[in-house]
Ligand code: ATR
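Heads up, the chain below is alone and in the form predicted on its own; it's given as structure tokens.
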């Protein structure tokens, strides 16, 4: 009997996940399917009942359901409770277990490229969706400190308070106050959606060098203005698609209990651009 999987959210038609997972199934000859399933805001409960009825084996959750979905889980792993959102669910005989793969997905490219996080100074731009998971990842990998740059100081401050509770030295600044301090950081991450529409980077990267790691979580376009500016300075680059791939790999391994075919998944993802 084949297994079935889905990604739920709204909008859903741009999701690259069906391509990535289908490629993995083909590569490993798994009798499984993966579809995008649109569930509008406010209709999550009915949508989940529908998925349980068809005995779906697992699903990913995207905007706008990542927080509300926690209400419908029977159990969750600690990444979920720490980050306060869920993006991957397994269904074993009607028991829904939640996971958050944002943190592992975010960290995966550092591990793949053998880039060091321990003892580094981090600048995180933005405090939205993935930011808590990113902060949790840096705490886990023992970064020295994190500065959160945000348009509104309150949001940045509340994220820096969260960072402190999990053992990471932290402070918050307004984006416009970053200026030439960029040279003080080892790792700089764009966790805002700026770049999706080809807008210019929200900060200047003058002052960084080839030792700086620059990571944009926006994955389309692949070469955002932020990435282009970093390339001009010969920085080490991590693309948004690498985080997306890290998350997909982690979901795959949660559901199937075998190592994911990374290269096949990467080819399918990059073919989608």
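A quick note: this is a predicted structure, and the numbers were derived from the prediction, not measured. Positions refer to the first chain, counted from 1.
Only in words, not in the display: the form predicted together with the ligand, which the text now covers.
- Residue in contact with the ligand in the model of the complex (any heavy atom within 4.5 Å), chosen from 202, 166, 178, 117: 202.
- Of the listed positions (150, 101, 91, 147), a single one reaches within 4.5 angstroms of the ligand by any non-hydrogen atom in the model of the complex, namely 150.
- Shown alone here, residue 87 lies farther than 4.5 Å from the ligand in the model of the complex, counting heavy atoms only.
- Among residues of the shown chain, residue 63 is one whose heavy atoms approach the ligand to within 4.5 Å in the model of the complex.
- Although the partner is absent here, residue 191 lies within 4.5 Å of the ligand in the model of the complex, judged by heavy atoms.
- Not displayed here, the ligand is kept clear of residue 105 by more than 4.5 Å at the level of heavy atoms in the model of the complex.
- The stretch in contact with the ligand in the model of the complex, judged by heavy atoms within 4.5 Å, is 150-158, chosen from 108-116, 74-82, 150-158, 180-188.
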